[in-house]
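Below you will find one chain, with nothing else, as structure tokens; this is the form predicted alone, and questions on how it binds or moves follow later.
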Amino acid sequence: MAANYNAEPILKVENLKQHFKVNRNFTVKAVDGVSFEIYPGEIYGLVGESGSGKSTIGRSIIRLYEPTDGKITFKGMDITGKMSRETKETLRTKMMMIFQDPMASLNPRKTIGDIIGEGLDIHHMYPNKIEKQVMINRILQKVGLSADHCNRYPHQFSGGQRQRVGIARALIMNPDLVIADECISALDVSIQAQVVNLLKDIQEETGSSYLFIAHDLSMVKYISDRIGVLHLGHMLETGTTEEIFARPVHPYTKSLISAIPLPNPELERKRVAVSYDYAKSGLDYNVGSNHLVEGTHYVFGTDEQVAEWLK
């Protein structure tokens, strides 16, 4: 299903800040003023190096963390502060997360059937136990597993199969937004392709929206409609996949794209990776604003910096 950019955004993040106080004198600003929107049926890719704040954004959106500042709107409801029972129910049933480590996110003492059906039990989303089992069997088949796997435990599966269980657990609730937090980073390359194709097929079938968090730019390019580039808790550039890859503007984005290996040995031999060192760049992420380059392509910086980059 194609993204509907004429509709209201299903998720709107405005000036999100997530700070962690380490001690009396030091606070880690993991996310510092990030804004973006996700539309119905859209896959929004969030990329950046390790420690840039990608996973923290995902956890703040689904309210595993209490946001320090900013506003998060989901389906027209403010989910930032204290939520009403109705808002909390919508958040817990219509927004799901696929975690990075498939083994750490699955209860080793529960069977696969119990893990996948836990959300159905909590929110009473089935009329009887027979219907519940039918729903579990159906989602298992959809993610490429067998109904016979219901009575097995997580340690009896491979990494790729465990990740499929995590996907099934999220999708059985029929969510409107799925946050995929580096859900392929712990898998082999061949399994990564299978899982990404699975996510794409299910997204086209159900029309749900994805926030796809990853540091593999080539995979993000394959799956995403739009991309946001994150560094040190700041959104440096955002735009459609074509805009970002055809005309990267920010030096950090250029550095990331130049680091992608090329499958052609002749071209790979000539590829030159562009280095980027924030400390030596002369840039200050705390000074500047978003500038519209073209279409929906925004880049973060001062007027002078953006003018220089666009030359």
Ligand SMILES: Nc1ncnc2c1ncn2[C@@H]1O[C@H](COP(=O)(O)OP(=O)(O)O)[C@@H](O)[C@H]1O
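Position 1 is the first residue in the sequence shown; the rest follow in order. Note that the structure is predicted; figures quoted are calculated from it, not measured.
Below, we refer to the form predicted in complex with this ligand, which is not included among the displayed structures.
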If we take heavy atoms and a 4.5 Å cut-off, which stretch out of 24-32, 37-45, 251-259, 269-277 is in contact with this ligand in the model of the complex? 24-32
Should G51 be counted as a contact of this ligand in the model of the complex, where contact means heavy atoms within 4.5 Å? yes
Non-hydrogen atom contact Y65 with this ligand in the model of the complex at 4.5 angstroms: yes
